[in-house]
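Here's a solo chain for you in structure tokens, the form predicted alone.
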Amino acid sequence: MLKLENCSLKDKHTFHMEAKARYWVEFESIDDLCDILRHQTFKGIPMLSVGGGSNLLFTADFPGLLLHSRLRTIELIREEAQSVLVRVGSGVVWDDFVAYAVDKGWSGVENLSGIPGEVGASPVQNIGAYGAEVKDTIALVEALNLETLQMQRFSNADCQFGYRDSIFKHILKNHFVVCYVTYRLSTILNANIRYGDMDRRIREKGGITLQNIRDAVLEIRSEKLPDPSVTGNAGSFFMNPEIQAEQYQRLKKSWPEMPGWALANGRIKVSAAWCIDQAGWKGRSLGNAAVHDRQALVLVNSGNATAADIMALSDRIIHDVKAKFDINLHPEVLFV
């Protein structure tokens, strides 16, 4: 167990702004985690489980305990006719797991290459990119109940996955710590290359293979998204909004080029990045915060931004998109 007091968080979240936590504690086993939670020092103070900090904005110093997993095993549980079950510790870096799966020839997460953060966040956020969502691979989530200190298993259905959403963001929020996630991956390549120009890029690399899909995704991300180790950011700051089909048809009369994707529930998902761009914010700054000039979904720390700068920019964007399109944007990033 690693325990730090008055810990600087500047290198523990991808916006890289200065903030402190009263306690930062890392656990290496379930027993370790239980010992931490039983410790009198941590009774009655706020508590939050964090991974790579790639989806967080610390708006002030955190007055309690931040828990960080060092459960870093990848274990093949079972081989089936055309799939495998793989149990992964919550502290494994997500992209390390994707690289491992691709190397083993297991399909299902290759489109999620390059997403920052750790495995423990994947079921909480239902991470997704380039036409794929992690919910389609998750078989089981094992999490510790913070009150009873008992492990509980959640099936895919139990997780109540939605777009960038799960039960862990709602009624179970701050009640469980994700410790292990079991994924069902295919031993047969099920290529999902409909996004953008992935098909062209993959052909140029020699054809459809898991590695070529991964390489194409990493290539696209590097062209569009800033490296958080160089420019502080949390990736996509806003979720793509869903609107009624009738509203979408009305908007298309004024903006025929507005992209939209029909959903099973009859609603239309529209591009938040397109809306932000059309509202005039792509590449613009407000104070020391800015909208990335290549991807309007990304808000960046220009160097000395504060959380207040990022929040002010977010509020202005939300206001202007609402005024222009009558569409409500919602941050994907968690304000702490």
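Since we're looking at a predicted model, the values are computed, not measured. Residue indices: 1-based, along the sequence shown.
Quick note: we don't show the form predicted together with a small molecule, though the next part is all about it.
Here the chain stands by itself, but in the model of the complex one stretch of 275-283, 300-308, 39-47, 22-30, 275-283, has heavy atoms within 4.5 Å of the small molecule. Here the marked residues Y163, L225 and W261 all reach the small molecule in the model of the complex, each with a heavy atom within 4.5 angstroms. This chain lacks the partner; the member of C179, A129, I243, C159 within 4.5 angstroms of the small molecule in the model of the complex by a non-hydrogen atom is A129. When the small molecule is considered in the model of the complex, only one residue from A296, L56, A290, L66 comes within 4.5 Å through any heavy atom, namely A296. Remark: G235 counts among the residues lining the small molecule in the model of the complex, judged by a heavy atom distance of 4.5 Å or less. For the chain shown alone, M239 is a contact residue for the small molecule in the model of the complex, at least one non-hydrogen atom being within 4.5 angstroms. Interface residue remark: R201 is not counted as part of the site for the small molecule in the model of the complex, having no heavy atom within 4.5 Å. Although the partner is absent here, R221 lies within 4.5 Å of the small molecule in the model of the complex, judged by heavy atoms.
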